Structures are given as C-alpha cells and as structure tokens.
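Quick heads-up: the structure tokens below are two forms of one chain, split into structure 1 and structure 2.
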Structure 1
Amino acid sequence: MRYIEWFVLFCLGACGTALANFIGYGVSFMDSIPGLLVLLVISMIAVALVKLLPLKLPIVAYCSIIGLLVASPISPVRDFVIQVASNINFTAPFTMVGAFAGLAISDQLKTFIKQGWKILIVGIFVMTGTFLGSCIWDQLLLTVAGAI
C-alpha cells in the first residue's frame, strides 16, 4: 500500500478510537486529538521504516520500538507523549481491531469453513492456553513483586 492509503486508514482508525474513547470512557474528542495525533505519527513512522529499512519486522514491532523510544527517559518529548497518550484509553481501540479483523477474514470465509470442526478445537485450546498462561504469569509476577 502507498503511504497515503496507510494515512487514510490510520485516520479512520483514530476516528473510531476517539469515538470509542468518548462513548466508553467519557473522554472528549478535543482531549483525545493530541494523543491520537502522536499515535498517528508513530504509526506512520513505523510504516516508513518497514518500507525503508532492510530489517523486515512487522509494523507493530516498529510501533512498539518507536513508542518505547519516545516515552523513554532519554527522549526530549517524553513528558508530552506520556501526557497526551494518557488521555487515550487503550482498550478503546479494541473495538476497531475487532471490526478490522472481521473484515479481514470475511473474504476468506470459505477457506476458514474448509478447515472443518478441527479449527474450532484448536482455537479453543489456543485461547484457553493464552488466557491461563497470562493468568499464571501475572500471578507469579505479582507474587514476586509483593503486590498480592
């Protein structure tokens, strides 16, 4: 995809996130805009790095690395980034992610159905294992940290 297409998609995602942030968490659109712009810039830089750098990492990895760098103590924009990003409830974008995932598999529904009932069993085991693994890991770390 071209950069303009990525930008338009990210803007649509930002609008959906702002709406979910407003409806679900009562954060006004004006309070969400600076945080969404920061996230949009980070995302666009990640898209550019994927296309320019020879190291083939997914866009999500580049977004994470850039986000960590701009929010780290060595960053001159750290305070601003943390302040505006704190207005975005990061569970709000899950609504958009679920919608995009549904759209992404909709054209491959026949392939999904051909997998048969076995794919449902595998899916249940994967989701259950992920949930239980996360719970065990969290319990361990919170116990070691003395939080519980």
Structure 2
Amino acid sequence: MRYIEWFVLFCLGACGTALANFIGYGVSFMDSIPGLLVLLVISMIAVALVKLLPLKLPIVAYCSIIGLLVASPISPVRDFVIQVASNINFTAPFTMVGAFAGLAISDQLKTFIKQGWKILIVGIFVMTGTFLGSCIWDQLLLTVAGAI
C-alpha cells in the first residue's frame, strides 16, 4: 500500500477508536485526539520502517517496539506520550479490529460448519494446550528469574 493509503486508513481507523472510546468509556473526542495522533504517528513510522528496512519483521513488531521506545525512560517525550495515550482505553481500538476480522472470515462460515465437531474439538485442545503450556512455562521461568 502507498503511504497515503496507510495514512487515510489509519485516520479512518482512529475515528472508529474515538467512537468506541466515547461510547464505551465516555471519553470525549477532543480528549481522544492527542492520544490517537501519537498512535497514528507510531503506526506510520512502523509502515515506513517495514518499507525501508531489509529486516523481515511483521509491522506489528515495529509498532510494539516503537511504542515501547517512545514511552521508555530514554525518550524525551515519555511523559507526554504516556499521558495522552492513557486517555485511549486499551480495548477501545479493539472493537474495530473485531469488525474487520469478522467480515474477513465471513466467507468461511459454511466451511467452518461443514468441517464438523471433530475439528472444533481439536482446535479447542490446540488453543487450550498452547495457552496452558505458556502459563505453566512462564510461571516457571518467572519464578526461576526471581520476578514472582
């Protein structure tokens, strides 16, 4: 996608987040705007890095790392970023993701139903095992590391 496409799509997405933030959490549009702008800038930098760097990392990895850096103690804008981002409730951008994700899988509904209950059971076991395994393993790691 071109930069301008990413930019416009992010802006439209930000409107959705502002809407969810207002309806779900009562944060006014004016209060959401600075935080949304910060998220927009981080996302755009991530887009540019994916295009420019030869390193093959997914775009979300860049978003996460840039977000972490600008809010970390080494960042000159740390306090501002943390303060404005705190107005955006953490689950507010999430409803829109759900809307896209739901539409994106809507053509697989029949296949899903046709696959039957066996695949569903296997899927449930894979997901449960993956999460439970992570819980057990991470609990162990954090205990060994002395963090908990």
Partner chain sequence: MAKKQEVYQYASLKDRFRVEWKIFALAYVFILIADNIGQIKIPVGKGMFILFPIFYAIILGVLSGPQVLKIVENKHVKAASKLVVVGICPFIAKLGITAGANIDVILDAGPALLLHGFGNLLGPLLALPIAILLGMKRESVGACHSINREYHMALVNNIYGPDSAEARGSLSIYIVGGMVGTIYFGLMASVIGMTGLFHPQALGMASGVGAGIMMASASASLCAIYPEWADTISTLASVGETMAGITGIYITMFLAIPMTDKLYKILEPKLSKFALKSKNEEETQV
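In this text, rigid core is short for the largest set of C-alphas that superpose within 1.5 Å between two forms. Given the structure is predicted, the values throughout are model-derived calculations rather than measurements. FYI, numbering is relative to structure 1, first residue = 1.
- Here the form predicted in complex with its partner chain appears as structure 2, and structure 1 shows the other form of the same chain.
- With the core held fixed, L109 shows a CA shift of 2 Å or greater between structure 1 and structure 2.
- L141 is among the residues whose C-alpha shifts by 2 Å or more between structure 1 and structure 2 once the rigid core is aligned.
- Core-superposed comparison between structure 1 and structure 2: CA of L132 displaced by 2 Å or more.
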